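Okay, so here's just one chain, in structure tokens, the form predicted alone.
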């Protein structure tokens, strides 16, 4: 084996995505996650390895390069951790010769219910085990070094396709129960333009008549695009300035927010203005609901920034350089994301059901392996 398992083609693929991430040519959590999965799939399909440790280290090295290229896009690291989790699952399944999906012999006990929660029924067709279709796994085979990779790769491709399918259908899976969360004649407040919240609100429109108040989210003014999109879908929409949020909150039935990243303690990074809306909602006892895919679950903590994330936009949009006398005397900070504490959030609506902030740690435990928290 070469000292660098990544061949030239794989290095070029990884460096291309890393360069696009650095230049912000790939923007948005879902788009970033999709690009990361596609790159990992190409790397695994072309790379050579003779045991599982080599494969894991290769994926981790790719993940480190991509995370270093754009550390503010948390979904890059989350996607790498998810793929590593699936790789280990498929390897253990193949090594033990067990079925991929659990059988009906699993019994439900109070202890299992407390530890794992209510079991979810999945109508997944039973897969043949790798041992049955490709023979036994042989690691570090001196006679045929590529035998292990050749045997395991088809199963890994299926696992990665599952991750890709989950990302591609995340909006539909989150929105499928929208009519159960939104009721007729409700007034809902949202901030900025979140694709997840947009799909969720549009999914409920055929079943419910309600009004959405959209804050314009200065200085980016992404709320304008959101209001136009919802209005074109036939939803009663009102665009208001950010300064009106507290005054209107007494009339609001529900606040719906998107998330950039959901942290391990149940807090989240969200577009600027989300903290303002969540704080006003708490003062009026208005429920705050966050719509986000599980690929945004991040096994990290916000230890250093009480109100904002470490990502800043152009300060000139807040205070232009034409204000020369004032610019020289002040430091202008334009944070791109707010940090919203878990006590300000009532529920997360994900593609795997609804969860309170206190359950986020359990979801992270199920989605990622402990050794991958630090890539």
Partner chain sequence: MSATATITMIAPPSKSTIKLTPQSHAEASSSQAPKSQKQMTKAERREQQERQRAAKAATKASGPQPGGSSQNSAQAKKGAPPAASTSASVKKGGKGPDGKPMKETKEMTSDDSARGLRIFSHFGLPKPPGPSKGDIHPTIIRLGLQFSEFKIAGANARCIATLTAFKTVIQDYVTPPNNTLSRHLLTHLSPQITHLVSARPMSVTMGNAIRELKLEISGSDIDLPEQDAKNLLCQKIDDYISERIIIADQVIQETAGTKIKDGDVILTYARSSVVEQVLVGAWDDGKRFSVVVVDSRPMLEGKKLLSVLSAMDIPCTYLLLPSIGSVITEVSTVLVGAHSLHSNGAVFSRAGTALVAMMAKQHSVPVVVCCETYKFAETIQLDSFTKNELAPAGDIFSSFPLIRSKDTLILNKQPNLEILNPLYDLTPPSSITAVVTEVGVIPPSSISSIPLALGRTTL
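Everything quoted here is computed from the prediction, not taken from an experiment. Positions refer to the first chain, counted from 1.
Keep in mind that the form predicted together with the partner chain is not shown, yet the notes after this line are about it.
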Study note, to complete from the structure: With the partner omitted here, the residue among 253, 177, 228, 169 that in the model of the complex has a heavy atom within 4.5 Å of the partner chain is 228
Practice item. Tell me, please, which stretch of 214-222, 83-91, 159-167, 260-268 lies within 4.5 angstroms of the partner chain in the model of the complex when heavy atoms are compared? Key: 214-222
**Study point:** Partner contact for residue 341 in the model of the complex: the partner chain, 4.5 angstroms, heavy atom
**Key:** yes
Practice item. Determine whether any heavy atom of residue 317 comes within 4.5 Å of a heavy atom of the partner chain in the model of the complex, and answer yes or no. Key: yes
Exercise for review: Give a yes/no on whether residue 273 approaches the partner chain to within 4.5 Å in the model of the complex, heavy atoms considered.
Suggested key: yes
**Study point:** Contact test in the model of the complex: residue 155 vs the partner chain, heavy atoms, 4.5 Å
**Key:** no
Point to revise | Within 4.5 Å of the partner chain in the model of the complex, all of 53, 57 and 204 (non-hydrogen atom) | key: no
